[in-house]
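Just the one chain here, laid out as structure tokens, in the form predicted on its own.
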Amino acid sequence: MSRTRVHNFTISLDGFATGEGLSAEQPFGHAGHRLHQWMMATAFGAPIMGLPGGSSGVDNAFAQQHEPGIGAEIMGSRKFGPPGWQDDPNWRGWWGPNPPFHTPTYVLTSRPRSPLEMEGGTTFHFLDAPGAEALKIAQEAASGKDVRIGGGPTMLRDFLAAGLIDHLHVVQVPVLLGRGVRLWDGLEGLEQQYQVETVSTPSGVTHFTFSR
């Protein structure tokens, strides 16, 4: 049976998954790349960022679970682009001509547009649909494989509140952002629906795995 999975979703010590002031120049606002330095240092993450090398330790073992068994992805509007991207007909996402998804990828937006076919097997589809309906569409496209929920935090929070997530991997990094968009607001008692495991690594991050 197809599962709904989240991988490498990173938050600060105070629970923020993105900073304030998102723009085309600052995809994560004032947070910059501080939330994701742990992944950029791994053998999985370094090539995605165009960096050499990368570690092969525990962080890498978690990071590389992002890809196996995934047949489709769903992401929120603000993950696909900065505020106002809907007004730019030439906007094709942050990731260049060959995005790192390699599957049908569904972008939830109140202003749908025609599908956007990219290199490497990624096609962006733009949906104005509630999470449960979008998930059914993505599961059909995944052909029995799992569906990855890519964020951002507002969309992921909605999916969690609706009970649509089967596997959740959250990484807490030793950074205090103070402002931005938090993940956990309104999700009191969520842990009771899952088996929760934690692993701390020498990089200073803690991996939380929520398994239904």
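Note that residue numbering begins at 1 and tracks the sequence as displayed. Remember, predicted model here, so these are calculated numbers, not experimental data.
Omitted from view is the form predicted together with a further copy of the same chain, to which the following refers.
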| query | finding |
| --- | --- |
| Ser200: touches a further copy of the same chain in the model of the complex, heavy atom cutoff 4.5 angstroms | yes |
| Contact test in the model of the complex: Ala61 vs a further copy of the same chain, heavy atoms, 4.5 Å | no |
| Any non-hydrogen atom of Asp185 within 4.5 angstroms of a further copy of the same chain in the model of the complex | yes |
| a further copy of the same chain contact at Ile70 in the model of the complex, heavy atom, 4.5 Å | no |
| Complete contact of Gln172, Val175 and Arg179 with a further copy of the same chain in the model of the complex (any heavy atom, 4.5 Å) | yes |
| Residue among His66, His167, Arg157, Arg34 with a heavy atom within 4.5 Å of a further copy of the same chain in the model of the complex | Arg34 |
| Members of 185 to 212 lying within 4.5 angstroms of a further copy of the same chain, judged by heavy atom, in the model of the complex | Asp185, Leu187, Glu188, Gly189, Leu190, Glu191, Gln192, Val196, Thr198, Val199, Ser200, Gly204, Thr206, Phe208, Phe210 |
